[in-house]
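Just the one chain here, the form predicted on its own, laid out as structure tokens.
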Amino acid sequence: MSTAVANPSWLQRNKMTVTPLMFLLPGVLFFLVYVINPIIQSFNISLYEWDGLGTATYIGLGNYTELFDDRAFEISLWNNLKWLALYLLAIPAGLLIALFLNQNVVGIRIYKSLFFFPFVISQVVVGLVFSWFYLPREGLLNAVITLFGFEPINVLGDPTMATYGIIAAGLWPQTAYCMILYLTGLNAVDPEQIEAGRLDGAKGIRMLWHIILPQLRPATFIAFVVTIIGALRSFDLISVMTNGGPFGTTRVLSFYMFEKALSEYGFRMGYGSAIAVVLFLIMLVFIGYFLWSMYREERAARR
């Protein structure tokens, strides 16, 4: 017994280091197998011409070269940029709603339930609801427009408007998600700092900008990352509402990748993988930038 105490094993000496690593190990293995491995495979497949069944032919960067001359890819890329720019409106909208719902007023639980509702329903359901909302004759939007004397519009049938109509549909649940993040963050705001700000004369926008928003940085970071990922992988709403039409004007990279790799007109696995790699790199640039910004802020705070 005394010998065991005097000469502890390596595991006993490093118990504080090994224990958390053992808890992390299953998650790390799943991440490597189901995230990192498919990413590496996508990079590899993008170097081949392959229909998914027969023999793959190595063509190097041929698929990427073809992307530069592909008009459909260009339209999909520009649509993704539109999604990125307009989808970010969900963050300030979610913040404003969270600030409103954080008040102690009569019936606030009902308001919270109404704003929370879009987050819990499926994106497919959201797409169907907005498809009915945009109907040229029977839709609620045109019923309101004609009530004020305007001509009805076909939002999803107009190549210049369809993409913006789908983005508006996507903003509905995305705003609800950002609202939930900010409501959680507002519960962690230090009341002493708010009281000190009031004593110093801060109120309204000054209170929000200098005291509340700095404490909401973690929630803002998550909102940015999730919103950017949601904008770049916007597939389901497009599939339900327009299926890429009219005339392919609402395609985004994720939908075009599906068309080329898996649809009945595609089965070009290598070309679809090349589109997936481009989408992954765009996403990686944005998320890497925000991670680096958070890292710099944490280092500055420690100093």
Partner chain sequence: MFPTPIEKRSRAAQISYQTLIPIALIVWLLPLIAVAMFSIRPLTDFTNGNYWGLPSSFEFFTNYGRVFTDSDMPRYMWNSILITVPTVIGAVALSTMTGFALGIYRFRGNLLIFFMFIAGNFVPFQILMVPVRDLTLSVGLYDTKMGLVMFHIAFQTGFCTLFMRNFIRALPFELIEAARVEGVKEWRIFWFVVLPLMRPALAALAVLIFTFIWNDYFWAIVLTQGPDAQPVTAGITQFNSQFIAQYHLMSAGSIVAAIPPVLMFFLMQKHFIAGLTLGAVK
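By rigid core we mean the largest C-alpha set that fits within 1.5 Å across both forms. Just so it is clear, the structure is predicted and the values come from calculations on it, not from any experiment. Residue numbers count along the first chain shown, from 1.
What comes next is about the form predicted in complex with the partner chain, which does not appear here.
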- Note on the structure: Only hit among L156, I75, I97, I91 for heavy atom within 4.5 Å of the partner chain in the model of the complex is I97
- Item | The single option of L81, M161, I145, M207 touching the partner chain in the model of the complex, heavy atom within 4.5 Å | M207
- Message: Partner absent here, but in the model of the complex, which of 147 to 155, 81 to 89, 67 to 75, 198 to 206 has residues with a heavy atom within 4.5 Å of the partner chain?
- Response: 198 to 206
- Message: Residue-level question: is F224 within 4.5 Å of the partner chain in the model of the complex, judged on heavy atoms?
- Response: no
- Going by a heavy atom distance of 4.5 Å, is A219 a contact of the partner chain in the model of the complex? yes
- Message: Is it the case that Q193, even though its partner is missing from this view, gets within 4.5 Å of the partner chain in the model of the complex, heavy atoms only?
- Response: no
- Query: For T249, is any heavy atom within 4.5 Å of the partner chain in the model of the complex, or not?
  - Reply: no
- Contact check, 110 to 149 vs the partner chain in the model of the complex, heavy atom within 4.5 Å, ordered by sequence, gives Y111, S113, L114, F115, F116, F117, P118, F119, V120, I121, S122, V124, V125, L128, V129, F130, W132, F133, L135, R137, E138, G139, L140, A143
- With both forms fitted on the core, give yes or no for whether the Cα of Y34 moves by 2 angstroms or more between this form and the one not shown. yes
